[in-house]
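Okay, so here's just one chain, in structure tokens, the form predicted alone.
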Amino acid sequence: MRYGGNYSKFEDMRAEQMELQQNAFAKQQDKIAHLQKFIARFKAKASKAKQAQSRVKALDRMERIAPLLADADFSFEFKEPANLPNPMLSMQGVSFGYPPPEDSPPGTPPTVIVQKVNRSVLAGQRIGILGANGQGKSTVVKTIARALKPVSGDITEGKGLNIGYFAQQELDVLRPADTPLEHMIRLVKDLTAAGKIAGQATREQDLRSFLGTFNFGGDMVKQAVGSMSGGEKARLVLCMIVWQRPNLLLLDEPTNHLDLATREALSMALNEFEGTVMLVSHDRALLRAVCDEFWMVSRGGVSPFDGDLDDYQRYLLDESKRLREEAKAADAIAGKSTNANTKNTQKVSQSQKPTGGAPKSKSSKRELELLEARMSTVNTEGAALEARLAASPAPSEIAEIGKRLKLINDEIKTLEDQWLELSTRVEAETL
């Protein structure tokens, strides 16, 4: 169904639609009960057998209306943190990025995405991390979550810091071949070994019961995670985070695969959470509901963003325009380079080919230029999609935009890996 208007209007219309459907379900259940009562009463009487049989057929033909209670009633909460260090963490001159590939020549420098950050995260803060695709939001979160090491600088953690990390790609923290129960059992073992169990029940039956509160009941507790939907994987990650009783939540696009009921449950749980939240999300409604301050990751740095989300929407539109202009300029440079290379190739074919590494170096540089042009184009499309999400599109569009953004993010990661490898090769060839 397509809804018009803003998010508040959508909420009102959706609530009305849910009430109508639930009323229709209740009426249908009354009708089914009446038919079944008639069948049970008269099926054995010869004089009423024909009427009873017609009601059996009516029941078979009836298109059943699904109830809404199961989804609408889903809720969960984060347990009170065992302690709240203040500050949670402090960053001094931290640069964020990725180490060189293992097969890189000695001395190859790391790839720096965001640099020289000096900021502290305090107890109770609720920080929304903003920025266009490819600017380094996920890199910052991964580093704070200890999934990456800082390229330089120091991150000082408060005593007793307990991080709950929701990765943008669920399989970064899940194992496809393992079941939800196996994930919980391994989590218990890891935390026990680290001395971080804070009074949680750890028996297998307790873990099964806890999984059940997140709708992992029956055979689902022994279903391989790799066969689950994106929403089920996201729900499992949330389940594992809640069980750990974190005091700092790092959430990177937590709603990408969640249905609306689970999104609402997450929003309510985050509002009641007593610890600190750092949230990366395209979900404007979630950012508005949860965060009271924003950090902007842009052009290699992190700075406070003093505006509201309407200001951020305008920023995204301006950034999209800037990236389009840069992409056009890069395409123009690439076109000139192509023409020049064609002429040079013709000249080389008419004379003796030069020796040494120069041709190979020029070829690699040309590949690097084309790769950078493609990265600029993809980042432009990503920024445009983010701007569309920030404009509160219809619910039917959100899923489509989300799927395209996932493809864009995957391509950006692939392009960045290729760029790192190719730039390393160019440096080696020019030595």
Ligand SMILES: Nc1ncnc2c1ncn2[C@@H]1O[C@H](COP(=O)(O)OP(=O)(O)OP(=O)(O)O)[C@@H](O)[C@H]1O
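Since this is a predicted model, take the numbers as computed values, not measurements. Heads up: residue numbers just count along the shown sequence, starting at 1.
Absent from the display: the form predicted together with the ligand. The rest refers to it.
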| item | value |
| --- | --- |
| Residue 86 within 4.5 Å of the ligand in the model of the complex, heavy atoms | no |
| Non-hydrogen atom contact residue 183 with the ligand in the model of the complex at 4.5 angstroms | no |
| Residue 247: touches the ligand in the model of the complex, heavy atom cutoff 4.5 angstroms | no |
| The ligand contact in the model of the complex: residue 276, any heavy atom under 4.5 Å | no |
| 81, 158, 136, 128 - the one with a heavy atom within 4.5 Å of the ligand in the model of the complex | 136 |
| Site check 113, 132 and 282: each within 4.5 Å of the ligand in the model of the complex by heavy atom | yes |
| Interface segment, criterion being heavy atoms within 4.5 Å of the ligand in the model of the complex, picked from 137-145, 265-273, 283-291, 186-194 | 137-145 |
| Any residue of 148-169 that, in the model of the complex, places a heavy atom within 4.5 Å of the ligand | 168 |
